[in-house]
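The chain below stands alone, shown as structure tokens; this is the form predicted on its own.
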């Protein structure tokens, strides 16, 4: 078979238990995404809110020390798993660049494998797939959106969603909202505008497109604003919430005066029309490469004694934001680590950039560094404790402007001086840190999952998966996996058995309790 053709590798269905028949029932109605069942994880974040909080409670602080490995799946790929698996009808779907696997969630046996090597686009990582009815939706490194049959991985259609020749690529997991497949794009060149696009799940046709910046060449304007991480959705308000990337040129703000709307922002869009409802600038006129694509988590609850529909983000620039998600108005802005690049916060809750902290030929000491106080790794919100838990990265670096690099492109450099990984629990009412748990020099890259039983699952910089007590951050259990986790854990329950799923390198791990422990929980 020629290398440019895709291949489908099938494991024997006979390996599966006859009672399961997981390959026969693959279907996900869009209405089910609003209220996922405990035996599913049907979207990148698990549900539309982005909280990554599981209601499962079989694994508890009291028995998590008995957690054991149920199975492990080896991809045999050099690329690490950065995707969040989908779980639908007992089957897990997950990716690395150029590859999709369908795996039995009970046993870890492979059902099918899709592989189509691509030479173009950036193979920096891949976040996963989305599902609509019996179809999967996968963005390729060279900016195609492919619809595949969930039962066997065969292709239904393949459409181009960005021009790889111009420098776009795609890595994100799409988001399905009713009959819309929402996709975002990546790209670092100065002539590229970020956008969100809604695709018809049946035909692959474009329904609408929202551009985060004006076309390249618009005077006194910027490009950039990439949309490379999956957003969230409020069915009641019928609004999408999405984070956008940094403006370009990256470190040189002189050719693009002003706040550079709508880059480094949280935006709210109508999913049926793509019309902008409101926008909030997390980093006005960014000159440090601090995109605001981090998960906008949706929380309904009291804020200072009054009920609010909120959206929260721990942003790469070191600020934690709580907004009223009906109108984008600020409720709280605070820092969650060392931040020295701003002059404070304006009356709208936006950081005020300090011009003296822009990159300069003789260097500027900046906190945080270019990697940010956090990044793509997913946070979690625990509604019982009111804690927003995030894998943070307190850090310092020196930013330079370099005349030899010109005024466009990167237009300078960032040299990291120091940084460490810390799991932080932020009280959303005050913005204060309730507790911290260090996970190693340099940081881990792992996301966070909380559960209703009071557990927080994440990873450290040394290749271990951790179970912490959500109330105070104490380590309750850990296990070595071989290399640091760069994905976000998920949880699911099948046949009365709760699993927690993590990854390390190219290996997927499913953890569960021994039968004796499960029986003890059932008796109580």
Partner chain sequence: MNRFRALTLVVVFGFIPAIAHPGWSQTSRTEHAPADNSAGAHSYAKNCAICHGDQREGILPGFPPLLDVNRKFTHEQIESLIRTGKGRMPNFAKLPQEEVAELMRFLSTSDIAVGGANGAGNISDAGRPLFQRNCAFCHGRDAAGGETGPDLTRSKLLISDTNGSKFSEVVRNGRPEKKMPAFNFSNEEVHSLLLFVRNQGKSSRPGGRRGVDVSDLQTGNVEAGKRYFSGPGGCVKCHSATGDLAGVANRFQGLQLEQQMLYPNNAKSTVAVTLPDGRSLAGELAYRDEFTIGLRGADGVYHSWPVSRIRYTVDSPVDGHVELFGKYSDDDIHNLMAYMQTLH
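The structure presented is a predicted model; accordingly, all values stated were derived computationally and were not measured. Only the largest set of C-alpha atoms that superpose within 1.5 Å between the two forms is called the rigid core. Numbering follows the first chain given and starts at 1.
There is another form of this protein, the form predicted in complex with the partner chain, and it is not shown here; the text below is about that form.
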Suppose contact means a heavy atom within 4.5 Å; in the model of the complex, does that hold for all of 27, 310 and 472 with the partner chain? no
Since only the chain is shown here, I'm wondering whether residue 220 would be in contact with the partner chain in the model of the complex (any heavy atom pair within 4.5 Å). no
Would you please decide whether residue 190 lies within 4.5 angstroms of the partner chain in the model of the complex, comparing each non-hydrogen atom pair? yes
In the model of the complex, does residue 320 have a heavy atom within 4.5 Å of the partner chain? no
Taking the shortest heavy atom distance, is residue 153 within 4.5 Å of the partner chain in the model of the complex? no
May I ask you to choose, among 75, 335, 385, 99, the residue with a heavy atom within 4.5 Å of the partner chain in the model of the complex? 99
Tell me, out of 452, 237, 417, 352, which residue has a non-hydrogen atom within 4.5 angstroms of the partner chain in the model of the complex. 417
Among 163 to 171, 428 to 436, 177 to 185, 342 to 350, the region lying within 4.5 Å of the partner chain in the model of the complex by heavy atom distance: 163 to 171
What residues in 100 to 117 sit within 4.5 Å of the partner chain in the model of the complex, counting heavy atoms only? 115, 116, 117
Core-aligned CA displacement of residue 356 at least 2 Å between the shown form and the other one: no
Determine whether the C-alpha of residue 402 shifts by 2 Å or more between the shown form and the other one once the rigid core is superposed. yes
